[in-house]
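So this first bit is one chain, no partners, the form predicted alone, shown in structure tokens.
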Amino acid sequence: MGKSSNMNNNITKPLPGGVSLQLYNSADETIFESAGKWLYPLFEVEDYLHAMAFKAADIFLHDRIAGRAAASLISRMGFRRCFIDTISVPALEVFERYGVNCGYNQLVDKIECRTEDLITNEMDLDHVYRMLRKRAGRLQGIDLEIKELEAGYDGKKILKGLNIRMRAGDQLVIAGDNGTGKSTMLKTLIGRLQPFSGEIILGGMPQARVKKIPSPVGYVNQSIKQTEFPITAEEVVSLGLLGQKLSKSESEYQIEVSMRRTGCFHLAGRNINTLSGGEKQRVSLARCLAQKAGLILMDEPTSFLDRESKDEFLDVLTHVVRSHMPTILLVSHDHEWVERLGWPVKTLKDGVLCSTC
């Protein structure tokens, strides 16, 4: 047996029948358990940690079986200690590489699962995570394809044969001077403008056939406008749940998880009018997550933010991309911030996109 000497016997006992995973707090008390199969219990753990604002490093994880895929997820979440009843040699190598103290009962050469064969030594944890989320059906992003789109106002053509293709989970920044068509593009994508010609395909389906509520497209404007009636940040986020048939407890859970993911849960009861620009952007992004938007459109999200708020929003956006992997199309003229963001950039000029202009 490979149990580490500093592990309490109470948390290394065989898991109860029907239970595939448990979490324990510092007092060795069970705080979470799952009876799920494959890697789903670990994705449930990820949601639980966000909902409860717990740090994985402070919690002990006990899993029934772990191959390289499970070890990669456990390491990426930040667990420092775990116990696995049956573990593979590749999984143990992953734990050693990322400094996870792992005990076990049985060591095997390999876990017989097709997923294990898809992971190579060249993949980093983010690459593995993306692949596993996709295989689990938890990759939030959807494909976006724009074909020869022509659109504008009052018969004036502004977009002249626009073409964009994004895979699920991709991110892209559209830069360009004022008046080049960035706003026209966004308004057409969210359905506020009807295109003159061309196609918009969302998740493999023509835009006209996509269900409007809940829409797969989320929108983050430059800033949430002042309202004449009192509405809290939590109520703004709840708008993302329209059309979803959820119980009260399920709705409350989704709102809390979404707000915690963007670091704004502490603002839940605040009037939206009293929030700073950066706080409002976090709330808007949380609304998109609650909506389960597969495509998030962002219109100059840093326009009204100071340097500190830009830094904070950069961190939040980076975290959301890593953990949720939505498809994001962002319009911005903030060159310094976009450079730090590190996403691919294309420039809109004369109604068409180019990579070098």
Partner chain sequence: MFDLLTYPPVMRGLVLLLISGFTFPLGGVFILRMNILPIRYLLMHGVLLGGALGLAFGLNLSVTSFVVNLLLIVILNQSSRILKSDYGHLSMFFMVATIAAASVITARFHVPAKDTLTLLWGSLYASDTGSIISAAAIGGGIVLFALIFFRYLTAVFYDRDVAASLGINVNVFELIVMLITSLVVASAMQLMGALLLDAQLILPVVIAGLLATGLKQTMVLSCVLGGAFSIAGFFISLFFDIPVSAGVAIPAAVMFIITIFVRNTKGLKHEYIKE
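Numbering follows the first chain given and starts at 1. This one's a predicted model, so the numbers in the text were calculated from it and none came from an experiment.
The protein also exists as the form predicted together with the partner chain; that form is not presented, and the subsequent description refers to it.
Answer option from 276, 232, 105, 101, heavy atom within 4.5 Å of the partner chain in the model of the complex
Looking at the other structure, the residue within range turns out to be 232.
Partner-contacting position among 266, 165, 209, 192 - heavy atom within 4.5 Å of the partner chain in the model of the complex:
Looking at 266, 165, 209, 192 one by one, just 192 meets the 4.5 Å heavy-atom criterion.
Quick check for you: of 171-179, 79-87, 108-116, 212-220, which stretch puts a non-hydrogen atom within 4.5 Å of the partner chain in the model of the complex?
Going by heavy atoms within 4.5 Å, the stretch is 212-220.
Taking 4.5 angstroms as the cut-off for heavy atoms, does residue 142 touch the partner chain in the model of the complex?
Contact with the partner chain, no.
Residue 284 versus the partner chain, in the model of the complex: is there a non-hydrogen atom within 4.5 Å?
Yes - in the model of the complex, heavy atoms of residue 284 and the partner chain come within 4.5 Å of each other.
Hey, in the model of the complex, is residue 187 touching the partner chain, heavy atoms inside 4.5 Å?
Contact with the partner chain, yes.
Is there a heavy atom of residue 291 no more than 4.5 Å from a heavy atom of the partner chain in the model of the complex?
Residue 291: contacts the partner chain in the model of the complex.
Each of 19, 36 and 122 within 4.5 Å of the partner chain in the model of the complex, by any heavy atom, yes or no?
No.
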